[in-house]
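The chain below stands alone, shown as C-alpha cells; this is the form predicted on its own.
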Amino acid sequence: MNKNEKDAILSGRERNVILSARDVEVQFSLRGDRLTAIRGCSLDLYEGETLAIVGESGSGKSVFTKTFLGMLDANGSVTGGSILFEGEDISRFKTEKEWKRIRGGKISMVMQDPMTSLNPLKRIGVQVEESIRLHQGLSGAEAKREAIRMLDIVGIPDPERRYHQYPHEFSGGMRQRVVIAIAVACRPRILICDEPTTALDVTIQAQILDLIRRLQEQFSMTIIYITHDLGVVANVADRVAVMYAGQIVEIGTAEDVFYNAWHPYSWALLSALPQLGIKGKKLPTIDGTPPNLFNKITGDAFAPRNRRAMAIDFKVDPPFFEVSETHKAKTWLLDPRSPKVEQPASIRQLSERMNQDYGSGLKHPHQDPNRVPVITVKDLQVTFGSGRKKFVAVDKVNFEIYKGETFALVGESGSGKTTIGRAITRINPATEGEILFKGERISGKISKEVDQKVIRGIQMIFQDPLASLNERAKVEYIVSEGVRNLKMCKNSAEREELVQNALREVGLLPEFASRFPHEFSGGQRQRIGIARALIMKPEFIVADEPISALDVSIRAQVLNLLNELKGTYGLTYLFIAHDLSVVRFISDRIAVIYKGKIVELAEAEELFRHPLHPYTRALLSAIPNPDPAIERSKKLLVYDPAQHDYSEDKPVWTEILPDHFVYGNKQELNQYRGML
C-alpha cells in the first residue's frame, strides 16, 4: 500500500474495515471468582494499516487480541459483544475446528519470546515447513523450497544450511526472524505482533521492525503491534490505541496521540519517558496502582490515579469524545461542560523536548579535580573455556569509576557488559589484569577479610526481578540474607528492623516482609532486589539492566529511586544497559563496548553530541524515539566490523578530546578529528 492510499484510509476518505470488534467483554474464572479483563472494548481495524495497542502490563492488550484468534486460556471466555471478521462473528466460535479456519491462515501471531515459540527438539526448517504444509497446501520438495525461500525473505543468512539447524543454534534476533517466517508463511490477512522486539537489542530491534514493514508491503498484510515501547510505536504505527484497565481510552493516528493526546493516562505514559525528562530532576510517575479487576469499577478506572480528576470521573464512566475525524478519547475533560484544562507542557512541546541538551549546567563527579576512584579496572581480560574452546568475553578493558558518579556500560547482547559487572562483584574470575576497589586489589586470590569488604561494599541489582529472587522464600529472608551470612546483626529484632528500614527506603510497606515474590508486581519485585542490595550499606552498586523488563511508568519510578538513593547514601553506580535513551538520562559517563572491547568512552552528552566510533553511531541511530516525525525520517546505520583494517596500522586507545576516548588506528583517528 502506497502513502496516498494509507493517508486516504487514515483521513476517513476510504475505510475498508477488515475486522470490527464491538463492546467486547472477556472474563476469567479464578478461584471461584470472576475477573473482567476486557470491559466493553470496541475497535475497527482497517485493511493495510498498522495499529499499535499500548498500555502497561495488565491493561488487557494481549487478552483483547487473543480473542481474535481463539487463544484465551481455558478459564477465560468472551462473555459479551461481537468480533466480526469476513462476515462472521468469530467471538461465537466454540470448537477448535471453527478456529482452525481463521487461526494462522487468516489471522496469525508473532509471540514475545521466540525461544518458547519454537520447539527446541525440531529443526528450524521443519517448523517453517509445518506452517507451509498446513496453510499453503504444499508438500515434499516444494514445501522445503518454500521454507528455504521464507528463511531467505526474513534475512536468515545461508538459509539452505540454517534450514537443518536447531533453535539453540540461533541468536535471539535470528530466532525472532524464524518466528516471523512461520507466521508470514501462513499468508495471513492480519498479523498480530505481541511485543516482538522487547527482548532484543536496539540494533536488532530496528532490523526486525524494518523487516516486518517490508513483509507487510510484500504480502499486503494488516498489522497489530502490542507494545509498551512508545519509540517502537512512533516508528511503525499508522494509528495508536491506548488501553487501560481493560478498555481503550484513546485512539487516533500516531500524530494525534503523540502530539495532541487528551486522555490523562496517555499524558502520564508520555511524560514518564526518559527522553522527555530533565537530567538531574525526577521523571513524572503515575501515582497509585491499576484497579483490581475482580471488583466492579465505577466511573473512569483511571480517576484514582489522576491528579486532574473531577467528581464526575469517580461516578460515571465517560463516553468517547471526538477530538477530530481520526481521533477520539474517553475522558470527561473533552465534555463542553468541563473546566478548560491545558495539556501538559511535556506533551505540547514534545519535539522540542526530544532535542534538548541534558547536560548543560550539571556538575559531574569525574570533573572534580579531587575525584577519587571507587573502582579501577586495569587491562581486564575474562575468558571462558580452554584450549580450542577458549572464548575471550572481555579483552584488555580499562576504566575508572569515581565516587558519586553513574558510569554506564552499553552494547549489544554478548558484548561483555554483564561479564564485566560480574567480574567486579567476583562472580566471574578475571583471567588477566586486575580490579581495584578503593585502591585495593579485589581480583584473583584475596584474603577472607578483603572478600567480606567486597561483599559489604559492592552489591548487584539483577536484570530479571523474578528470576533473581528465591520464589520459595519470604521477602524478609531474601532481603536479610547477606546480613545473616555476614552476621551483621546481634539478634532477630535488629535484623527485622534493618529489613523494614530497607523496604521503606525503596517505597515498600514494612508488612510486605511476610509475603512471597509472586505476590508482587514487576516494579515491586525490582524494589525488593534494590532493598536486598541496600541493606548491606554498599558504596558501589552494579545495576545490570535493572529496568529492561519493566513498563514505561514503572521504569520512571525505579530510575527516580536509583537517583534518590544515590543522593541520600552517596552511592556510585555501574549502570549496564542497551537502551541509550535511559542511559542518557541517568549517566554521567558512558562507555560503549563491542565484543569485549571498549570502543568509545565519554561524558554522556558529549557522546550524544559527538559520537565518533562507527559502532557508537550505529547504536545511536537505532534508538527508538517517541516522536513519529523523527522516527520515520531517521536513517538506520548498520555497523560492519570488516570496515576496520588493522593488519598494519594497529589501533590504540586515545583521548581525542578531554575525557573523550576512542579506539582506532592513525587513519581512523584522523577521520574522527576531522568529524570534530
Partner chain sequence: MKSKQRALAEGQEQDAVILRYSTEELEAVTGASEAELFSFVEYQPEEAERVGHSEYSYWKSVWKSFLKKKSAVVMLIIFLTVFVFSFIAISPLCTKYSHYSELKSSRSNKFATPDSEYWFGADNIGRDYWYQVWYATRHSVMLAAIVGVGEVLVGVVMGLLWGYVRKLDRIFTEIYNIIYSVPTIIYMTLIALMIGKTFLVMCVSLIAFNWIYTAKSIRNLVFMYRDREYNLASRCLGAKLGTILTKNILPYLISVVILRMALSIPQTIGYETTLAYLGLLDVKEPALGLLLRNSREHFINYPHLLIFPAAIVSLITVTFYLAGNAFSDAADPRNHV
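Numbering follows the first chain given and starts at 1. Rigid core (definition): largest C-alpha set, two forms, superposition within 1.5 Å. Quick caveat: nothing in here was measured; it's all calculated off a predicted structure.
Just so it is clear, the following notes concern the form predicted in complex with its partner chain, a form of the same protein that is not shown.
Though its partner chain is absent from this view, in the predicted bound form it lies within 4.5 Å of a heavy atom of just one residue from G137, P319, G567, P157, which is P319. A heavy atom within 4.5 Å of its partner chain in the predicted bound form is found for one listed residue only; from F512, F407, F170, F540, this is F512. When its partner chain is considered in the predicted bound form, A467 lines it closely, a heavy atom lying within 4.5 Å. Using a 4.5 angstroms limit between non-hydrogen atoms, E655 is distant from its partner chain in the predicted bound form. In the predicted bound form, its partner chain sits within 4.5 Å of a heavy atom of E471. Although the partner is absent here, P304 lies within 4.5 Å of its partner chain in the predicted bound form, judged by heavy atoms. Note on the interface: of 22 to 30, 619 to 627, 632 to 640, 53 to 61, the segment with non-hydrogen atoms within 4.5 angstroms of its partner chain in the predicted bound form is 22 to 30.
For the stretch 527 to 544, the set of residues having any non-hydrogen atom within 4.5 angstroms of its partner chain in the predicted bound form comprises R527, R532, M536, in sequence order. A displacement of 2 angstroms or greater separates the C-alpha positions of D335 between this form and the one not shown, with the rigid core held in common. Once the rigid core is overlaid between this form and the one not shown, A301 counts among the residues whose Cα shifts by 2 Å or more.
Once the rigid core is used as the reference frame, the Cα position of G567 differs between this form and the one not shown by less than 2 Å.
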